[in-house]
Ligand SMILES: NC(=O)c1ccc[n+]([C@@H]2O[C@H](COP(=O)([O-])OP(=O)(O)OC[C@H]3O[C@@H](n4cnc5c(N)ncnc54)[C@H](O)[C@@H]3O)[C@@H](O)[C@H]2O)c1
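Here you get one chain, nothing else, as structure tokens; it is the form predicted alone.
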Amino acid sequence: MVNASFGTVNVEVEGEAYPVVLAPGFEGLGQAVAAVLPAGRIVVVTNDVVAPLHAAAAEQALRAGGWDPAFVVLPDGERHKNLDIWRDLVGRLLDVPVDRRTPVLALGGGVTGDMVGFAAASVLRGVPFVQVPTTLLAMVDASVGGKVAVNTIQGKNLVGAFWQPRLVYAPFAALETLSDAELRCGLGEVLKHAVLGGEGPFAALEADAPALRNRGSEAVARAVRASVVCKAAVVAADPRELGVRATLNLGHTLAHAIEAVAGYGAIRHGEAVAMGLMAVTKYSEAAGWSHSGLSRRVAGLCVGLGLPARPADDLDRDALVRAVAFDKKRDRATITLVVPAAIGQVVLRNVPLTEVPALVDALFES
């Protein structure tokens, strides 16, 4: 990665701030954590895929910064992001043991960060939390903003908390170990942030799309920074999702339903977000809420990034309707839908549950 892409983006939340450090590798991790918390014992929670790849580098960097790390390894995958694994993690943290000054560090992707963050928010009524995202999806979205949760059989992220990290440290070197499919998964959230960000970020992403598909390091670095800047601004304005932060759910009402119906892990989150974003844009344009031609423009960038615009025909439509109707953003007989009126202009609309079948139909339109 080029040096110009590194540096710090600060996230201001309720009168306090924490840094998102964009770094070339793990080398500065220990010092970065020590800059925000007093060095001592730290618990690193990772998963059985990330541990062989990055645990040694993380441990070396932490020890160089004066930390004494203990490691907890979880099973990898969205299907393990549940209350049973969370309960086991809480018990293992208490067995370490941790006290209220012991930081808990999440080393991994969005699933790991969500699970560990929710445990950190719960153990001893809250311990310091550090995010070290190792996937593009986690770097551009899940690690920033403090929303932590686990899934239930009823849906995605239905049990959780708001628990802000003290630090996010994003080592770009970790992206080199991702498969093309995993890297592409992160581009779904990059696309969402570009739609939210306005014409400048959207046009920049259009220009960078070929390089992103080919894993161009400078293009990836620009995408990460642009997404973090976008999300940091929204989180600062609305840390607990009482207003404008709900716009970050663009595409997610359908995305969460797709993931639940397909079976967690069968369709990657970023791919589901791209499908959900396309569907809500088509639905909104048909309703006259969006500028004419918006769906075509979003579809063009979706294809340019190598993202799927729709799911397979055999995905259960009736189950999708039920899952959307159960979404946590439901309010009595309506759901709150994030609608793109134009690039950089999104609004919240209360949509009657009777309209959910039409929204799902939009998901399968070519």
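All residue numbers refer to positions in the sequence shown, first residue = 1. Owing to the predicted nature of the structure, the values given are computational and were not obtained by experimental measurement.
Just so you know, the form predicted together with this ligand exists too; it's not on screen, but the next bit is about it.
Proximity to this ligand in the predicted complex, defined as a heavy atom within 4.5 Å, singles out one entry of 257, 130, 273, 137, which is 137. Contact with this ligand in the predicted complex, judged by any heavy atom within 4.5 Å, is made by just one of 168, 279, 142, 187: 142. Proximity to this ligand in the predicted complex, taken as heavy atoms within 4.5 Å, picks out 48-56 from the listed stretches 48-56, 28-36, 302-310, 65-73. Residue 110 belongs to the set of residues with a heavy atom inside 4.5 Å of this ligand in the predicted complex. In the predicted complex, this ligand sits within 4.5 Å of a heavy atom of residue 78. The closest heavy atom approach of residue 182 to this ligand in the predicted complex falls within 4.5 Å.
Although the partner is absent from this view, residue 82 stays clear of this ligand in the predicted complex, with no non-hydrogen atom inside 4.5 angstroms.
Using a 4.5 Å heavy atom cutoff, none of 285, 322 and 338 lies near this ligand in the predicted complex.
Along 176-196, these residues reach a heavy atom to within 4.5 Å of this ligand in the predicted complex: 177, 178, 182.
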